[in-house]
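Shown below, as C-alpha cells, is a lone chain in the form predicted alone; questions about how it binds or moves come after it.
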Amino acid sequence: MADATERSIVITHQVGLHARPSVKLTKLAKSFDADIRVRGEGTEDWVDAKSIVRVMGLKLREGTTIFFKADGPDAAQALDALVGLVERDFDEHAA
C-alpha cells in the first residue's frame, strides 16, 4: 500500500462498533474496488474492512479512534464514505 490514503475519526456511537454498525461498515467497504484496511486506536494491526468477522473482532467502543487506510482507484471516495458513515453514527440513532 505505498500510495495508501489514510483517515481517522473518533467513534461517537453510544455502543461503539457492535454488530449492526460493523455490517454497515463492511457493506459500504465492499462497494468500493479499493483495498481498505481498518484498525483501532492502540493497535498496529490492520484488518480487512470488508470482513465482518475481522471488523467486529476489533471491538471498538465509543470514544475510540478508528483508522482507515485504502489503496486503489477509488480509495479517496471510499475513505470519505466510511468516515462519513462513522460521523453519522452509522446512520443509527442510539437509544
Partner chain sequence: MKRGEHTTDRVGIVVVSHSHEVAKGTIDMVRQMVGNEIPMAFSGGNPAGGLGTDVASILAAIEKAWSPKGVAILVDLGGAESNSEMAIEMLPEDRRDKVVVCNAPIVEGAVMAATEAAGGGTLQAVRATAEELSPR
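Since the model is a prediction, treat every value here as computed from it, not as a measurement. Positions refer to the first chain, counted from 1.
From this point on, the text means the form predicted together with its partner chain, which you will not see here.
**Student:** Using a 4.5 Å heavy atom cut-off, state whether residue 58 contacts its partner chain in the model of the complex.
**Tutor:** Taking the distances in the model of the complex, the answer for residue 58 is no, it never comes within 4.5 Å of its partner chain.
**Student:** Answer with yes or no whether residue 52 is in contact with its partner chain in the model of the complex, where contact means some heavy atom within 4.5 Å.
**Tutor:** Judged by the heavy-atom cut-off of 4.5 Å, residue 52 is in contact with its partner chain in the model of the complex.
**Student:** Quick one: is residue 23 in contact with its partner chain in the model of the complex, heavy atoms, 4.5 Å cut-off?
**Tutor:** Yes - in the model of the complex, heavy atoms of residue 23 and its partner chain come within 4.5 Å of each other.
**Student:** Taking its partner chain as it sits in the model of the complex, is residue 74 near enough to touch it, meaning that at least one heavy atom pair lies within 4.5 angstroms?
**Tutor:** Judged by the heavy-atom cut-off of 4.5 Å, residue 74 is in contact with its partner chain in the model of the complex.
**Student:** Identify whether its partner chain in the model of the complex is within 4.5 Å of every residue in the set 27, 30 and 33, based on non-hydrogen atoms.
**Tutor:** Each of the three qualifies.
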